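Before any questions on binding or motion, here is one chain by itself as structure tokens, the form predicted alone.
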């Protein structure tokens, strides 16, 4: 009899864990410990030499976190996963593991502002250069690749404009050049899209968002396909000085990238996740499919309503037929293109920011804060907050203007959300 492949909802509840043998506890325990007792000196030495698997210190691994990692890996159809302190830490850990001084990245210009800054400025301090391209222009991606390019990077749903990354041709391009395609899957979650199934090499998530789902816990996670040949990447294939010449790719094969990320990058940067946060994120995974169904159905209803509102100039949601990436969204995100999108207020010239301020102040259900993916609906003005570090040219390149408002649609009654938006739009126009 062949081994059964369990469904998404079943794996979101069970993957990576069996009830505790001693206590019978059904829920995953929180192993709130910094360190672990070794059986004997030989056991300790082999753990530190990576000759056997086990726990040394919670900065590197933890039993609660291990369940979260294995569950995400199962849901993403990945070979494995490593959890870290935040989404920003996840992407930085990927870059620190893959890249060396002098390397380059080609990235979508439709990214979260913090990611743009990390790519353009933080990595520059490490002599790593990022080139930004329009995500829907495959020829621009191809033209930006040089012999120094070591990765392609994009968000499956662009923040905040909602563009959809064309995964198949990008993955073919990356494969033809021998470089990994890294995709931020935060806005989609593995329930709506699994980029590895479309040829991506690495997926990163800010688990703080929809995976956690309740705005309580910071966390990030990196999942990897296990299908990429890292023999041409010195950072992974060459002897490691900190492990007496150990060659990660030769030793660990398909798990080499994740082992390098865990055993060196996370160990040395200290960007570890707390066991308590891992526990909270596990709770989020258990209800992920149910919540994402409601998030996306609410988002589509709100987007349709706003698209017909006389006070709204434009709605940027790929679930609407007039969005330029609508067909692409149906291909890669058939259950819906997430619950975060932007719209442009209809204002008089020079009054874009003041109208936006009036609108946000008038909202009663939407919370004005810098987060997405909460069970509650959220609102923000990207140009003055999440993307305010960008120059005017960078804002224009990202498609962000002063009239843009970003919404993260929650789980409230959709009729109440429409009421709140209507009364706020009226107040902003008075």
Partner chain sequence: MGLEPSASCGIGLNTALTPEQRERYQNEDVIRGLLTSCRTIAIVGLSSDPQKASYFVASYLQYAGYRIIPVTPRSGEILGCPSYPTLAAVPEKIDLVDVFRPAGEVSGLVDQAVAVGAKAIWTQLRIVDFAAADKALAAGLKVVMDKCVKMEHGRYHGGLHSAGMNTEILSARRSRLPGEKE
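Residue numbers count along the first chain shown, from 1. Being a predicted model, the structure only gives us computed values, none of them experimental.
This protein has a second form, the form predicted in complex with its partner chain, left out of what is shown; the following refers to that one.
Using a 4.5 angstroms limit between non-hydrogen atoms, residue 307 is distant from its partner chain in the predicted bound form. Residue contact with its partner chain in the predicted bound form: residue 227 places a heavy atom within 4.5 Å of it. Contact annotation: residue 20 falls within 4.5 Å of its partner chain in the predicted bound form, judged by heavy atom distances.
By the criterion of a heavy atom within 4.5 Å, residue 238 is excluded from the residues contacting its partner chain in the predicted bound form. The chain is drawn here without its partner chain; in the predicted bound form, the stretch among 40 to 48, 357 to 365, 370 to 378, 401 to 409 whose residues come within 4.5 Å of it by any heavy atom is 40 to 48. For a residue to qualify, one of its non-hydrogen atoms must sit within 4.5 Å of its partner chain in the predicted bound form; none of 300, 315 and 339 qualifies. Only one of 89, 81, 263, 292 lies close to its partner chain in the predicted bound form, with a heavy atom inside 4.5 Å, and it is 81. Of the residues in 234 to 257, those that come within 4.5 Å of its partner chain in the predicted bound form through at least one heavy atom are, in sequence order, 243, 244, 245, 246, 250, 251, 252, 254, 255.
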